[in-house]
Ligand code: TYD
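Shown here is one chain on its own, the form predicted alone, set out as structure tokens.
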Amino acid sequence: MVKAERSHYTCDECGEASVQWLGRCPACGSFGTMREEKREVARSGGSRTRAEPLRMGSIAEERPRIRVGIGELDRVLGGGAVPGSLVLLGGEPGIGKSTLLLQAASSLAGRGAKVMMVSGEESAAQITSRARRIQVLDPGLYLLCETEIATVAEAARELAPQVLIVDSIQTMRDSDLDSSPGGVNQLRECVSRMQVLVKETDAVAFLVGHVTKEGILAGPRMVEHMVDCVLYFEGERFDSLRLLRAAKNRFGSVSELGVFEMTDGGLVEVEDPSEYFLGTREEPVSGTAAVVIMEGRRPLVVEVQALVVPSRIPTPKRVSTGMDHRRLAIDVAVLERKARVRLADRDVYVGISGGLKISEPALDLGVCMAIASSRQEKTIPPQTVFLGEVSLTGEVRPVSRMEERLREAERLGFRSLVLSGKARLRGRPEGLELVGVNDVRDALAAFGII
């Protein structure tokens, strides 16, 4: 086999390759991101071992999942980690990625699993100090401070851990490649080696990934295609709430949500997110409405807050936090055209309590009620929750999994639920009054808002 070097330029943001340097990447439009790298091209005329096809009936069943012991993380993974899988965890700097995986490593080691943590950013003393501070120091946890991927793979084969944690994959490098750590080729090769390693040893590998200023994982999208699961750890830097979501999961749902709270002692699971997200106040105020949403298999009750004020500019503002601004524009248009709520000369601001980002249409009716409540300065009874999708005609449509949403509303003490009159229910909670409405105007009229 003969190897020849070929120079090319690769974009650090998206992985686009070019034979010549360009000031602006033609694929993603980023400026100054084209870096020169040398690629080894193999030329071989020899033969390789041919793989034989297997009958599916002769393949053994997959091994049971490895439960981490942190309920919110296991939920997002789909019930635990699958042996032989690669999990990529991304998030902004300082959000708590290393803390979460350190707590997961301690929990796994405490349950008898052999865990090895590889750090390319911190020393063993620093990791041990943090583990001692958040009280997750486990003497059975193995630490390796190394950035050479070949050394990491060799140590993992010798130790044969069930779980391998690499923090972070951007600090790993392959000495056979003539490029700096974090480059496109380095990332691709390091992830490829980790993929081969976990398939050979039947281990689970958690890889920490950096994110760009746009909030997406740094490096080529090919890396996300190579791994089995992509998790995002989200949250505001000055807020204690942390949300764990799956953007890709070959072995489970991508709609599950894990909720944590950052404390001095590390990350703590939020066992009842509905109470956390639901605003509590002694007296009702205008511009608020409660809504039941679904995050995976979990129903959550959140509070929608709206503020409508006179506009001082020709084009009024439509600002949303936690929901799609285009959806907000549609809800405002429906209110004005179908319910005769005048908003053309008003700025409208809408936010979801707790920092959640919600995309499901069940939020529509609550948003419309909160906006109209703020515009007319009339309050909605605090023990009322709303549930329904609003169409462009103003009609309130039913949403999926109604029974689970109703049980969650009843558990939290709500007395009435406003929903579509066309909803079909298999069972009705005894302590919850159901108010059926046909359109938005009916819902507003039921509470005297119009």
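Residue indices: 1-based, along the sequence shown. Since we're looking at a predicted model, the values are computed, not measured.
One more form of this protein, predicted together with ligand TYD, exists but is not displayed; see below.
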316, 78, 355, 96: which sits within 4.5 Å of ligand TYD in the predicted complex by any heavy atom? 96
Taking ligand TYD in the predicted complex as the reference, which of 157, 133, 111, 297 has a non-hydrogen atom within 4.5 Å? 133
Quick one: find which of 319-327, 287-295, 70-78, 265-273 has residues within 4.5 Å of ligand TYD in the predicted complex by heavy atom distance. 265-273
Does residue 92 reach ligand TYD in the predicted complex if we count a contact as any heavy atom within 4.5 Å? yes
